[in-house]
Structures are given as structure tokens and as C-alpha cells.
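A lone chain, given as C-alpha cells: the form predicted on its own.
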Amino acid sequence: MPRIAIIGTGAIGGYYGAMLAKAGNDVHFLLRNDYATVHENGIRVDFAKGENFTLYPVNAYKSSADIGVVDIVLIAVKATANDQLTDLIKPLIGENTWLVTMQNGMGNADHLAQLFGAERVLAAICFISLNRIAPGHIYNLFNGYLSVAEFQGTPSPRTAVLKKLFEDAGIKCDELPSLDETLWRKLCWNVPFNGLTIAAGGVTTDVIVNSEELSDLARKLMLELQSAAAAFGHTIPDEFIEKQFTLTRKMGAYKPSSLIDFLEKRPVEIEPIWGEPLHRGTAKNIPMPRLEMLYRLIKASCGKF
């Protein structure tokens, strides 16, 4: 049984870590502000559709050094904290430790590879709707799936191991041949829905899909991403783009993570979600005027905190 560390026990880290631990895995959670609550009460997971549970007791820690060396590190901190990853991850690394980023946007796996070596790095891209509604309390609005991929190369024996680990915990998971393609696909949701909920004045996703003007803008943003992905050799079908609207309607009045950060005046993951795909696309001479405008609007809106 692998020894697993969760770095960033918010909505994503708390949920997937709790699911893995509930299935009997050896999971250790790094916490900061929520430490006392989780240590005393555990991690509570509620579902819009499904059976609620509380994980208790929890292997909760205040420092990575207290966790020690593990086999797998699941990295779920916000990308705005990437400058802290060296200190957070270094005490956890042994000779064969895998580093699995679960973060939003582009460039996170590249950053891990620069810090710790490309051979350690994988990604688990999360297509799911989760909110941390209180310390140690997570609400699953829409139970999606994970896609796992190597940072470099095609699926390997270890991506198969990671896939099975999640599946055995009741989490739908697939392996994709290209991390880069997976990231472009995820951005087809994150770019318009995280972005427009902020730019439209702090609205929820149902407002986007029910507005002719905003849904049209969301679709045009996705088409810009589709063109940029194609410049890198990745095909995103039109059907995939339309599916994003179908899935989002099922979420109801959902607040994406970037909107929550914006409303609570916390740093927003601007560069990995909007800046990096814009820079990569324009470097391939792909016109992305709507993404550029959205990027500038969000930078201006979030610049004060």
C-alpha cells in the first residue's frame, strides 16, 4: 500500500484525500488554518447526489517534516502558492516518490519538473465541482472524473497504478496519452466559466449558461482555445465544447474556485488559467482577442489583492 501525502487540504485535496483514506489507503494531510478543526472533527464530505460521510480520525499534520517520506504526493495547493512548493515537498521526497499535481491551469507540472526532476512528475486533472463550505467541510455538487497523465511521454505502468488507486476509491478515472491535450481541454471550462463569473460581476455559472450574450462569449473563448490546442497538435472536437455547457447546466448556481477567491479577496490563479494559454497560443500566431481581453480584465479586477 503506498504512503500518500496531500499538500493543500482544501476542496480538491480534502475531497480526493478523504475518498482515498475512506477506501483504506494510508493518507496523510498537510493542513494550516483548518488543522484544529480537522484534527478534532475529521473531514466531512457532503454530496448533492450520494451518501455523505465523515473521515475520522484524520492523519493531520502542520508540517511536511512531520509527515516524512511518502510514495505519492498529491499537490492540491493553489498555483498562487507555487513559490512555496520547495519547502512543502522536499521533506516528503524519497528515491522513488511520485509528484502528482492536481492544480488548475498550465505550467504547474513544468514548475515541479524544474524543482524536482521531470521523471517524478505526473498530473491528475480534476473535472468536478467541489466547494469547501467550512473548515474541514467539503460539498460535492457534481461528481465528475479524473484524467491522469505523465508529464512526459505516454501512459506508463505507474499511470495505470494511479488510475486503479483512484478507481478503487470510487472515483471515475481515465488515462490520457497527452498531458498537454488534457490541460487544453480542462481550460475549455476553466477559462470561460472561472473568468466570466468574475468579469460579469461575481455571478454563478448558471447565469453564464442562461445568458445568450455570456454563453456566446464563453463559446467563442472555447473556440480560441480549440485553435490554440490544434496549433500544438491536439484536436478538441466541437462536441466536447458543447458538452461543457451541458455539464455546467447540471451544476446549478455554482461558484467556481476563482470566483470564490475573488469574492474573498484572495489571490486568483490568473497566470496558469488565463495568462499561460494566452502566451502559448499567441506564440503560435493564433489570434486570441477575447482571451486577451478577459485576461486583462481579471488582472485589473484582482490587482488590488
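Just so it is clear, the model here is predicted, and its values are computed rather than measured. Numbering starts at 1 and runs along the sequence shown.
Omitted from view is the form predicted together with another copy of the chain, to which the following refers.
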item	value
Another copy of the chain in the predicted bound form: contacted by all of Lys220, Leu294 and Leu297, heavy atom 4.5 Å	yes
Contact residue in the predicted bound form, chosen from Cys173, Leu141, Ala200, Leu88 - any heavy atom within 4.5 Å of another copy of the chain	Ala200
Residue among Ala81, Leu115, Ile125, Val207 with a heavy atom within 4.5 Å of another copy of the chain in the predicted bound form	Val207
Segment that reaches another copy of the chain in the predicted bound form - one of 153 to 161, 174 to 182, 191 to 199, 104 to 112, heavy atoms within 4.5 Å	191 to 199
4.5 Å heavy atom contact, Asp216 to another copy of the chain in the predicted bound form	yes
Partner proximity in the predicted bound form: Pro289 to another copy of the chain, non-hydrogen atom cutoff 4.5 Å	yes
Non-hydrogen atom contact Asn131 with another copy of the chain in the predicted bound form at 4.5 angstroms	no
Contact flag, Ser211 vs another copy of the chain in the predicted bound form, heavy atom cut 4.5 Å	yes
